[in-house]
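So this first bit is one chain, no partners, the form predicted alone, shown in structure tokens.
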Amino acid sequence: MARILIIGGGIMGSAIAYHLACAGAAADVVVVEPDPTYEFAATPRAVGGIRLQHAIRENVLMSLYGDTVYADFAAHVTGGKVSFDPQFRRLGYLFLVEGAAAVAALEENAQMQAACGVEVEVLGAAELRRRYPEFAFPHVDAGALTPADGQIDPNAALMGYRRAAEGRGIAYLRDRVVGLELRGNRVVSASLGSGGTLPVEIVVNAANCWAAEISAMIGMRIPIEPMRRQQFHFTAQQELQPFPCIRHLHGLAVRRHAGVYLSGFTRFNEAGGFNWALEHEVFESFLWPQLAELSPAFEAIRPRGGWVGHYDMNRLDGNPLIDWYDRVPNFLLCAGFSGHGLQHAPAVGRGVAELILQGGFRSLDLSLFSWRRVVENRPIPDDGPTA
């Protein structure tokens, strides 16, 4: 019997399992993960940014804790037989906006971030061009710079949490949950793709892009679906001086990574669902002209390809759902991170373990991300950087 069943062994499920093990509950936990290679999982296909710029205080605090963990991973995630180094590097993050309302929101968010302990500086367009003379910054009135923001190897972080959880006694089962049996208003067992049945007392849905399928098994409808994220990499004929990850409110993003430049694109009005097509014409006809306008150095570039990943997008407001389901009170949903999962996994793993074992959040109150806001159609206001 699995007293605690975690559905999904990605970065979120593994971080939850790890913290449960640290609290002494390893013998009670089983993680069901169908693909130990994580070929189609979100985390290994992520860029790996750990940014402190958010418009919601809880997201800032979660990122700060993630920063602490990833900056000294070996000291915070222990117990694995094999060590993994996420190679945390501080590159900085520069979020750009245009228009008086956007500038006002940027300044207000920066004040909140600074109050949380983030080093952040709001810069006008003239100052941006002075500091980064290789960039023209068109359609920009101001930018917020957080120089301590970092980048990690996403797969190393995932495998570090998984191996540490296993090293502390967590059992991972290579299988797929295909059904959940209810008795009254509680889940009592999980049906597995292999044909077996697993009796359970608590179920944690950490299935990421597949979370809606799992929730539907108990009649819970959630606004979470896969959203394609296209990532392109290229080289430039002219080498630029080091610069932070640049992100404009309208969506353009560019950063330096492993000897190439990365530019991503998410079409937020695109129909949800898995779509693995990399549209090279999107880069050539849409992103490249914007990059060339941003900096003359990007006028002569050589595309090198790219890849596709998916966010577990919460269509309500782009923020996670971390809560017990009121109609099935032993079913806990932890999904919908909309591109923030990697950076927030350390804090969420700790918080969900507290929710299960201690009956509530202790280290950081994450009750803002309650399931009730879906029922009440009450999205969290969020005018900060998107994923």
Ligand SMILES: Cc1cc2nc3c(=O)[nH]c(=O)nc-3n(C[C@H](O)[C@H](O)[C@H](O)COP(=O)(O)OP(=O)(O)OC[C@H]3O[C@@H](n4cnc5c(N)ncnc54)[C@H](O)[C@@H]3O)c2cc1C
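Numbering starts at 1 and follows the sequence shown. In this text, all values refer to a predicted model and were calculated from it rather than measured experimentally.
A second form of this protein, the form predicted together with the ligand, is not displayed here; the remarks below concern that form.
Inset, instruction - Heavy atoms, 4.5 Å, the ligand in the predicted bound form: which of 182-190, 133-141, 303-311, 289-297 makes the cut? Say which one. - result: In the other structure, the partner sits against 303-311.
Inset, instruction - Would you please decide whether Tyr38 lies within 4.5 angstroms of the ligand in the predicted bound form, comparing each non-hydrogen atom pair? - result: Contact check for Tyr38: yes, within 4.5 Å of the ligand in the predicted bound form.
Inset, instruction - Report whether the minimum heavy atom distance between Arg350 and the ligand in the predicted bound form is within 4.5 Å. - result: Residue-level check for Arg350: no, no contact with the ligand.
Legend entry - Heavy atom of Ala165 within 4.5 Å of the ligand in the predicted bound form: Although the ligand is absent here, Ala165 would stay clear of it in the predicted bound form, with no heavy atoms inside 4.5 Å.
Legend entry - Ala207: touches the ligand in the predicted bound form, heavy atom cutoff 4.5 angstroms: Taking the distances in the predicted bound form, the answer for Ala207 is yes, it comes within 4.5 Å of the ligand.
Legend entry - in the predicted bound form, the residue from Val29, Ala46, Leu52, Ile356 that sits within 4.5 Å of the ligand by heavy atoms: None of the others qualify; the residue that does is Ala46.
Legend entry - in the predicted bound form, the residue from Glu225, Glu98, Asp175, Asp317 that sits within 4.5 Å of the ligand by heavy atoms: Of Glu225, Glu98, Asp175, Asp317, the residue with a heavy atom within 4.5 Å of the ligand in the predicted bound form is Asp175.
Legend entry - Contacts with the ligand in the predicted bound form, stretch 337-368 (heavy atom within 4.5 Å): Phe337, Gly339, His340, Gly341, Leu342, Gln343, in sequence order.
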